[in-house]
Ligand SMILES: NC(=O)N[C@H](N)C(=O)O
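The chain below stands alone, shown as structure tokens; this is the form predicted on its own.
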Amino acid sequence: MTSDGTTHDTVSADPAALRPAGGPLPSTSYHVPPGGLPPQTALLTDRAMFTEAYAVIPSGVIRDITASYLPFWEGTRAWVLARPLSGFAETFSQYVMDVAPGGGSDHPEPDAAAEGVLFVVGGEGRLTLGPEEDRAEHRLEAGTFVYLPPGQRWTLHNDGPETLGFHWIRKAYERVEGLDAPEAFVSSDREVAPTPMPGTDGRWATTRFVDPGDLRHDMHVNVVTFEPGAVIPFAETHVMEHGLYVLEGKAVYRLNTDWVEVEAGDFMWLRAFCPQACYAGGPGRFRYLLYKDVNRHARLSRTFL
């Protein structure tokens, strides 16, 4: 069992078997980084930490001077929360993208071998998928989820009056002989019903945008929801690397040997086998966007020391 509630002995490739009871959450919100700078009178008391097993990047350090700019993106800045790095994220990168009205890109992805997921947290925009002569257009709004396979042609522009904010998770797709790459698709957190964890009365649930039995996918990006007082009642310890961005609420999260307070706008990176647990002790729902690498053999080194 993993932090989004996947139990490997009950996975089915039949979509009907994955259809949860009930409907999407009636209302929700998503944290959007405010940028700016703290005042000169602010005290240097924050929760940022970087260890061998995990890292916490709190919302208070996602500021103007830590933003990056990307080639072929106009009117856009990005906060890089994770990138492949020895001793840090090994399988993925994650950006928070901030696109001003009129901004966007006709050439967003420079790496033809990279797959991606977009998850919109604020504003509106226009996404196109496919070559110029046969493009499909999609509207983007808070809660929109987009999967982009390697080599996918796409464009994205903010044609609304407010800033468009979204997460962009990128991974080098691991091809398997005999399996085709998945197709691009667009979904929404506001349309997909969360799947409750067994025995929790729906207090711990996961919104899954991909069938766990579809082995073409080598990463899952889900939204995990805890109602107030819900817990992960054991220290999960597993091979999957995680990136967690808190969309809503607050909780106490167990990271390796430490209990850490987290809230909306915080990002956590967990390396493979880092023990984790959660207690959602806030007054409202606790929700996070979860990345994990899945469905592939462990790579074996041919170098022996």
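Keep in mind it's a predicted model, so treat the numbers as computed, not measured. Numbering starts at 1 and runs along the sequence shown.
Beyond what is shown, the protein has a form predicted in complex with this ligand; the following relates to that form.
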So which of Val210, Val117, Ala89, Ile232 reaches within 4.5 angstroms of this ligand in the model of the complex, heavy atom to heavy atom? Ile232
Taking heavy atoms and a 4.5 Å cut-off, does Phe166 contact this ligand in the model of the complex? no
So in the model of the complex, does any heavy atom of Trp204 sit within 4.5 Å of this ligand? yes
4.5 angstroms heavy atom contact with this ligand in the model of the complex for Ser59: no
Any of the heavy atoms of Tyr253 lying within 4.5 Å of this ligand in the model of the complex? yes
In contact with this ligand in the model of the complex (heavy atoms, 4.5 Å), from 50-58, 233-241, 32-40, 65-73, is stretch 233-241
Going through 282-296, which residues have a heavy atom within 4.5 Å of this ligand in the model of the complex? Please give them in sequence order. Tyr288, Leu290, Lys292
